[in-house]
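As structure tokens, the next two blocks hold two forms of the same chain, structure 1 and structure 2.
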Structure 1
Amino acid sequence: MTVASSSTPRSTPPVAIAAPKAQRRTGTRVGDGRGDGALAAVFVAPAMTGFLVFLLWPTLRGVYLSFTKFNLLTPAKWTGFDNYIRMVNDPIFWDSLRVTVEYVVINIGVQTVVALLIAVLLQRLTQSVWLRSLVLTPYLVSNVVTGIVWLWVLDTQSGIGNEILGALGLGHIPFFNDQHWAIPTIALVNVWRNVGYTALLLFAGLQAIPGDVYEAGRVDGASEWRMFWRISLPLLRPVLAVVLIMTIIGSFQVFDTVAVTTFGGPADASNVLQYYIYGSAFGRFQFGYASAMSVALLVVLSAITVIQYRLTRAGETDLG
């Protein structure tokens, strides 16, 4: 009996082993949780620093300068609302705003329709990655390079575009040198560059629509055209609203293409607001007045964004 009892192994209750492990795991999670905040702060710090230095501070500085007379050579002198009063009475400012609105209407109207068409074709006909890359290619070209290339292509004397028009018997058209053609030409050049990116955003929105919805439409005998108007477009509304907000804000800030093609001409026909602000600041060293116009543009874009967001119900979706 003594030998048997001594050779019999004593079992350890599983609770005695499991409990310390559970406690150690709990303790580890608590310890990691305390360090998560510091680790997150390390990763967020570069982005936050860039936001404060390159966005928030220049914005606040610009708002302050809008109430001053400042030319870089002398200290800023507080003038109150003088710059804003001058802006309201400045006919060139209002003409620049009109030209900018004309550009935005043409650019957004054509770009949205063409991008939506491309997105639907990508979804319904092919989803080739190579084709999507090809559509996006113009967006990879900078605005300056795009403007210079199209300036050569549409040159009145020797541009290949006008050569083709001449061969077709349509005559040469001064696209960038005519008051009536300048803004539409600049708008269409930027449509060519940005339409692929806009189309891919809309294509991503179309991909999020469940296929069962289209299957139900086919069962009910709906045509492709009817499914587009009754299914695709309503369900694409939130994405389309956000895309419109982004493109409108970007269009109001057009500058590069004008700066390398028309220089605001002819006869201020393409003198968009951003180009007028640039000329006031770096051409005439009226930084206070330029800042006032920049603040006015910020207010206009903020109001447009809020109104458009609410009217289009961009934060809601019809997918249940």
Structure 2
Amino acid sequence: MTVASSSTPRSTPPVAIAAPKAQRRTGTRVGDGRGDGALAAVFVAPAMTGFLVFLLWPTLRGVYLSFTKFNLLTPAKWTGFDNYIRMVNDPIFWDSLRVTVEYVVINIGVQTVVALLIAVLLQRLTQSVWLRSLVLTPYLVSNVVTGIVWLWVLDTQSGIGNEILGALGLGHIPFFNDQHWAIPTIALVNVWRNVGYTALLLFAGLQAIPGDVYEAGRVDGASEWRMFWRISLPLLRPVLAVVLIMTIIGSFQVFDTVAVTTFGGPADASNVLQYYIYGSAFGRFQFGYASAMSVALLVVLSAITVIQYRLTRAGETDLG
């Protein structure tokens, strides 16, 4: 009894917790020795089915298919490392990997900075849920809607974005139709959609920093600018690291926006990896080769996660 109550760091009277807790221990584990096996099987069965059939099995099968020649119509034929050898020698693959990395760097770079700015502004200016909702609105529309709307706003002929640039005397920019502009444009359009979500994640992290740290800073005469670098950013580091891992993984999977705006062009300038994979599978029916490239992407993502986790010591916190 005493052990049970002293190990629960709650402020309610110890007896109140100790009683049911002790009862649970004796009642279900040791006492009658009767588990809920049968009932649990029924309760877990649907989720387990979904997990095994639509998550575990496709993952294993995806790896298997990467070692085969498979066009959907005839059974998959084992070809060993052929797909991987072909991949390493495929200039389009390397090019699409380069384009994807370029996209991720711009997308994540800009998004993280803007999200941090929004999060800090929200934290230091107001607690308004209303304002937070406004910032989040673009996240509610699909990537497809986002792509189409910006395609129109940035249209070379009569898009309002180009009209404004023209009025400022900057001339018209063929955002989606130019080899050099296509990837930065897609990256920034996706920042528009996702930055609010990222900002709210960071905002939640900032909320965990106790207010008296800032009060102390202010008493010492520190400016907001200084407090950001000395208090907010260091204390936010663990949250920032997790958010970075999440957003980078998401960013590498870019597909929707490309599929509705540039179709990978012009001249493969925005042929991101996922778009190339889709084209290989559904355009050229090379499911084996497409699977091999998916495995490559999976390996890249896992490596990034591990490296970043180590570098940023994501699991640790300076709070507490």
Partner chain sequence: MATTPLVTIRPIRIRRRPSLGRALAWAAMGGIVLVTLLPFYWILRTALSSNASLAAHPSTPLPTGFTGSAFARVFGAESTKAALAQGGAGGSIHFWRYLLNSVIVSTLITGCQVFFSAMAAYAFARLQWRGRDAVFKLFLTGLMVPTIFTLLPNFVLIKELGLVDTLLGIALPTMFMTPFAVFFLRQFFMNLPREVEEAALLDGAGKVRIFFRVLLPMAAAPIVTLSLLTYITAWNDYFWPLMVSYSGSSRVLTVALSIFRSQTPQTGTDWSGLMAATLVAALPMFVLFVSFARRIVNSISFSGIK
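Residue indices: 1-based, along structure 1. All of these numbers come straight from a predicted model, not from anything done at the bench. Basically, rigid core = biggest C-alpha set you can superpose within 1.5 Å across the two forms.
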Out of structure 1 and structure 2, where do we see the form predicted on its own? 1
Cα of residue 282 displaced 2 Å or more between the two structures, core superposed? no
Rigid-core frame, C-alpha of residue 267, shift of 2 angstroms or more between the two structures: no
How many Å does the Cα of residue 54 travel between the two structures when the structures are matched on their rigid core? 2.5
